[in-house]
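Take a look at the structure tokens below, where one protein chain is shown in two forms, each on its own, as structure 1 and structure 2.
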Structure 1
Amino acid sequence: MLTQRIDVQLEKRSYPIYIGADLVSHFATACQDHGIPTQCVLVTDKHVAPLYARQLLNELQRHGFEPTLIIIPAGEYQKCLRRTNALYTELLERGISRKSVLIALGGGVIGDLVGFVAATYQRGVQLIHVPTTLLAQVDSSIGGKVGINHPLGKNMIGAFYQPRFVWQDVSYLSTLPPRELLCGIGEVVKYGIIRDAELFAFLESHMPSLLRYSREELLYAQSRCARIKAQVVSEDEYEQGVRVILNCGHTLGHALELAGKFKVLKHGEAVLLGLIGESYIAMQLGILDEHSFHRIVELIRSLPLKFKQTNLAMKEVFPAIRRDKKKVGKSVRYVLPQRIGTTVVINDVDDTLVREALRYVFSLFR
């Protein structure tokens, strides 16, 4: 059941986001409508493949497509140059031409990695995102950011490369492990903080239903976030202006991910901690009122977020912050909540306040 079509308006690079439930029987038709070539490559990981790959392959074959399936290991560590090169090699060995399409079936790791391969293989092949996690559906599959990690930082090697379309089937979320659902909720909370006070209030009253995988509530949150992301990207494709607001919680979040070597915290979990820390900074700077701060903290504390600070190499946090991609010259840029639904960008925050914010975050999760 297709419920919505949201368009990302980028002139010649414009594309739709299709949103609904139980959409597999419509996928090949959508590919035909978009003039997708018959030679296509479905790339997924070992977790997703047994759940959803065969359904898509059968649907494509039934409509005359000639799909190739590539399955890689799962996990953040696949977003690296070694895996990228392995994919290039496999595509070349299988004779995949530049007149083909890569279909990224999976979560944010698959979308980022396959998107980067699509952007660079033979100077660019077509790309379709079929995100299977909440985080990927509400955030990473929209907007054209693709890339891989470097040992010194997350997403440090990448490009802006827009897909032909994004296919968001909320029924995929029913098989998400609870921790992966939580990661997606981290990005949903971010959208409420940066641009949608009504969504934030919805989360305050409906979080238990979301955590129980309620399809109706998930579809509402997913579509609302996708619309916000599409609007922001349409205004600012290359992150030269308003798109920076999407990084709220990410300056501290990415640093904490790196401090745990991508093993202790998943991206959405790190963003949740980053949102608390950056909200604390905003309150201490007089940017965010105390009531709004406590609403943010209480919403995030209501989530089943668990980690051990002792597993984080805290000495890595500040070097990671100083290498952050959002730097302007030597200044580290923070996107701080001004009130729920609005943010402000601040260049540089005193390290003492950042340490204080991190201590506050960790005190909440002992």
Structure 2
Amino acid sequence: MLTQRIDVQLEKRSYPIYIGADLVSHFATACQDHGIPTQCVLVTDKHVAPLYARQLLNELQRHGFEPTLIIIPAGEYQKCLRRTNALYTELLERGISRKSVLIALGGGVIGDLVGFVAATYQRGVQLIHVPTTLLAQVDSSIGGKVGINHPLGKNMIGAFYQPRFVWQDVSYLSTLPPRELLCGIGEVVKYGIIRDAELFAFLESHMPSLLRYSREELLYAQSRCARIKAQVVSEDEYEQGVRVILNCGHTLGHALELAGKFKVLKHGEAVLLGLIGESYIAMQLGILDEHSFHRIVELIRSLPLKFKQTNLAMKEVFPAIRRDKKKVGKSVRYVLPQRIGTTVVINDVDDTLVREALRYVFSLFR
């Protein structure tokens, strides 16, 4: 059941995001409509393959496509140069030509990695994103950022490379582990804060249903977020301007993630904590009113975040802020909520206030 089509408008690189439930039997027709080459390579990971690869392969074969399947291990460590090279080798050995398409079936790791391979293999082959985590659906599959990690930094090697289309099936989320669902919710909350007061109010009243994987509520949240991301990217593909608002909660979030060496907190969890900390800063600076601040804190505190402050040392978090790649020159940029639905960008916040904000966050998770 296709419920929506949202367009990312980038002139020649424009593409649709299809959103719905139980969409698999429409996938090959969509490929035909887009003139996708018959030679296609479905790349996925070990967790997703047994759940969803076969149905997609059958669907493609039934419609005259010639798909092959590549399965790689799961996890962030796969977003590396070694795995990228192994994929190039596999594609070459299987005789995959320039006139082919890579289909990235999985979470953000698969999307970023396969997207990067698609951008570079034989100077670029076509790409379709089939995101299977909430985070990948609302965030990483839209906007064309693809890339891999370097031992010296996350996402340090990459490109902007837009897909032909994005295929978002809410049914995939039914098998998602709860912690991964929560990570996606972290980004959903962010979208409410930066651009969508109505979505935020919806989250305040429907969070229990979302946490129970209710399809209807997930679909609603997914399409609101996809619409925002599509709009923002359409306005600013290369992050020269408005796209920066997507980093709300991420300055402190990245620092918390880094301080825990990516083991204590997952990205979406760190963003949730970052949103509290940055809202605290905004309130103290008189940018955000107290009522909105408390709404943000209450919403995030209602989530089943298993974080315990004892697992992170404050002395590690603070220096990590300056190591964040999003700093401009020597200053550190914060995207702070102004009220629910709008933000302001501030360069540099007084160290004392940042420490106070982090202490406030930690005090909530003792």
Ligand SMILES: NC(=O)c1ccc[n+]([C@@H]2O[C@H](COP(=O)([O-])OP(=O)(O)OC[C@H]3O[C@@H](n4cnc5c(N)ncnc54)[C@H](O)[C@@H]3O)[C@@H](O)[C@H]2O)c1
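Residues are numbered by position in structure 1's sequence, first residue being 1. Each form is matched to the other, and the largest set of C-alpha atoms that superpose within 1.5 Å is called the rigid core. Only a predicted model underlies this, so the values are computations on that prediction, with no experimental measurement involved.
**Q** Between 1 and 2, where do we have the form predicted together with the named molecule?
**A** Number 2 is right.
**Q** Fitting the rigid core first, would the Cα of Ala197 be found 2 Å or more away between structure 1 and structure 2?
**A** Comparing the forms between structure 1 and structure 2, which are aligned on their rigid core, Ala197 does not shift its C-alpha by 2 Å or more.
**Q** Quick one: once the rigid core is lined up, does Arg212 have its C-alpha move by 2 Å or more between structure 1 and structure 2?
**A** Shift of 2 Å or more: no.
**Q** Relative to the superposed rigid core, does the CA atom of His150 travel 2 Å or more between structure 1 and structure 2?
**A** Yes, His150 moves 2 Å or more.
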